[in-house]
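Take a look at this single chain, the form predicted alone, given in structure tokens.
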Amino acid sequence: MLGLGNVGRAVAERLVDEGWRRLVAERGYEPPELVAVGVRQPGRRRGIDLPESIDLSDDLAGLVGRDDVEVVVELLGGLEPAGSLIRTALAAGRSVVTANKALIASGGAELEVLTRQSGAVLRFEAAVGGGIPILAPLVRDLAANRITSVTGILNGTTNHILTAMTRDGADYAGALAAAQRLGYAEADPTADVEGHDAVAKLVILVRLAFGPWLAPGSVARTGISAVSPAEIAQAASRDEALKLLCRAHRATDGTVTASVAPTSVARGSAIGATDGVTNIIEIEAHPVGTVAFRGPGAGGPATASAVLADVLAISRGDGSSWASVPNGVGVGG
């Protein structure tokens, strides 16, 4: 495993917990063995005591190349060195599990080519929706349907800020500062509040729902930093709520459009009633109609749930997150 931050620590805690391992075994799985953890600063205290049998090292490339490593779990975040380490693992035929939405969205087409060529497995359920199972249901449980649209709230930070502006009458700056004090917003919140994080997640959903890898820059994007209390009040006067809405639609001719923007929605709707850091994704498909997925969109334990689910999926022989969806390389805009 690479990285021992909030998510990495939550994953590691379960991998070495005998109670969790018994639960996994009772469900018919061979409990995975954590053999090594790669960190940039091995001496730093991280709130977890790992067994001495687990190698804790700052030689990240060396850990990826170990003969006893079958699956690499990348939880470093960022484009590098995560990207290089993932490409090295996949080229060597090692399976990879990652929560790195920015890397998957920006380099997904390249990684898919490499994965298909090497015969490795690449899974990234945790990259979208935190602990909400959404990618696997898209490609497996909805495989008999033609999906026409994906709509939802994919960023908990912005939803928390907009909720605070609606409930408390705060302006954007005050709501952001409060979110930072509570740990819901980063010191540099740009990726969240300007919509980049939501775009990355929407790109991944589009690949699995509709087929193509879209370039993130092709997704129309507007963040929430310019949202005013007056706009919030106007929406409320119509019994609506302002949400950073992610939308993707496939036309009858196969054309896919995607956007991320603050949008007024009916307060009584499932999306309009989703407040705080919660995420929600609605799928329109034929013949099923509308199905919705709602739950914790971030946080160590929630995201660890998705990471561990991918590790277990690999152990039972499941393929990459795109499963049987045809090769999407070269299709997107």
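Keep in mind that what you see is a predicted model, and the values were worked out from it rather than measured. One-based numbering along the sequence shown.
This protein has a second form, the form predicted together with a further copy of the same chain, left out of what is shown; the following refers to that one.
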Exercise for the section: Considering only heavy atoms, tell me if P189 and a further copy of the same chain come within 4.5 Å of each other in the model of the complex. Expected result: no
Problem - L111: touches a further copy of the same chain in the model of the complex, heavy atom cutoff 4.5 angstroms - result: no
Handout entry: V24, heavy atom within 4.5 angstroms of a further copy of the same chain in the model of the complex
Key = yes
Problem - G169 within 4.5 Å of a further copy of the same chain in the model of the complex, heavy atoms - result: no
Completion exercise
Partner-free chain; cross-checking a further copy of the same chain in the model of the complex, the single residue of L60, L50, V277, A302 with a heavy atom within 4.5 Å is A302
Problem - G174, P81, P216, P133 - the one with a heavy atom within 4.5 Å of a further copy of the same chain in the model of the complex - result: P133
Problem - a further copy of the same chain in the model of the complex reached by all of G28, P287 and R316, non-hydrogen atom within 4.5 Å - result: yes
Practice task
Considering a further copy of the same chain in the model of the complex, find the one stretch among 90-98, 235-243, 221-229, 134-142 with heavy atoms no farther than 4.5 Å from it.
Solution key: 134-142
Fill in the blank from the handout: Checked 294-314 against a further copy of the same chain in the model of the complex; residues with a heavy atom within 4.5 Å, sequence order, are R294, G295, P296, P301, A302, S305, L308, A309, L312
